[in-house]
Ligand code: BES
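Presented as structure tokens, the chain that follows is alone, the form predicted on its own.
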């Protein structure tokens, strides 16, 4: 894990100093740097080489003017519009500019920006850690280097110290979720995902893990989850983690449910081959859920939580479930299968029932569920459907604060008619090309039980095909959900 410290810039023995540069140039840090550089930044601004725009970064090699051999001038945009997102992006572009350097990075803060210093420091640290992430860990030689040490250039301040330590923990957990989403499916199966969860639980005193295999799932009547995994030799699992810290309030237990399809070929309703390799990322909801509850444990959040990862491989095979099959879920309801590629809602159905049975009072599920959600909201926002406006609004606020953005969408009983079946209690999809995220949410509503529940369809921001142009600058898993859960834990504690 990257070390994070607070120290005055001259005390840090830095390999590089980084400075957020706003339009127009100003602030105490920039003024001091400008004096030492003899107006060099202003000249770069005049020439257009340094623009100060969000995402614009210039690396300067120095000759003793500062207490480091390098300076990164990281643009954050118009001064009055600077926010946490701009600072995260500055952190990420700086990390990329220094990808061959590593070592110690010192961030200078700017009191003139419209972001308080603790939040400013936290965003820069978070963006640097997220931006330094490399998906190339399976290469024979991955030359990208993350900073080994990030120093916030400031005198001792408990509030700033707490903010950057929290930011580092959450960002590192998000990167661990990215590792899971990026793991090839020959390495990550439902079984090995369970092993990863057990390893995580061993890191924390108050986090426990239990992995339920096929026999137990059958005893629990989880006919929806087990059907999805029947076509693969890698059997399905329900991976359960319980976080029970001392001092937590008794009236709330978070129920966190993650779709964990470790590879999705579509089953009998097989997907087109183009892009199928990215279907290893169909467990990104589970990755975010796993390391989200891990972040709660690492932060010592005083909130009880139970997480259930519904893990399966959806493959065609001799024992695969078929269109026309009727499944019985754990809550007793029957489901006519009309499309085996609408499998995520099936595994979530049994997992939602399970966390309610185990005492969850407020439930959140995370899932890469519908391609239509990505068409609607792109790669930035996830969509949220909830049976309780107050709970939905709390999750939207957690997304706004954390950067895992959430946009509220309607859950309405009239969408239920889309999944009416002549043969079973419901069907797992619709033949009409209308409202697929909403009808999927209405399907899950049938299994959400009593109490607040929110379904977050994260198909867009969970797994990227290209750079998003902000602090998520490489393809693959993003760790979506970790920061959301960490912030939600802070809001409900």
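Everything quoted here is computed from the prediction, not taken from an experiment. Positions refer to the first chain, counted from 1.
Keep in mind that the form predicted in complex with this ligand is missing from the display, and what follows is about it.
This chain is displayed without this ligand, yet in the predicted complex the stretch 259-267 from 245-253, 379-387, 259-267, 187-195 comes within 4.5 Å of it by heavy atoms. The three residues 282, 339 and 374 all sit with a heavy atom within 4.5 Å of this ligand in the predicted complex. Taking the partner from the other structure, this ligand in the predicted complex has a heavy atom within 4.5 Å of a heavy atom of residue 368. Although the partner is absent from this view, residue 345 contacts this ligand in the predicted complex, with a non-hydrogen atom inside 4.5 angstroms. When contacts are judged by a 4.5 Å heavy atom cut-off, residue 271 counts as touching this ligand in the predicted complex. Contact annotation: residue 441 falls outside 4.5 Å of this ligand in the predicted complex, judged by heavy atom distances.
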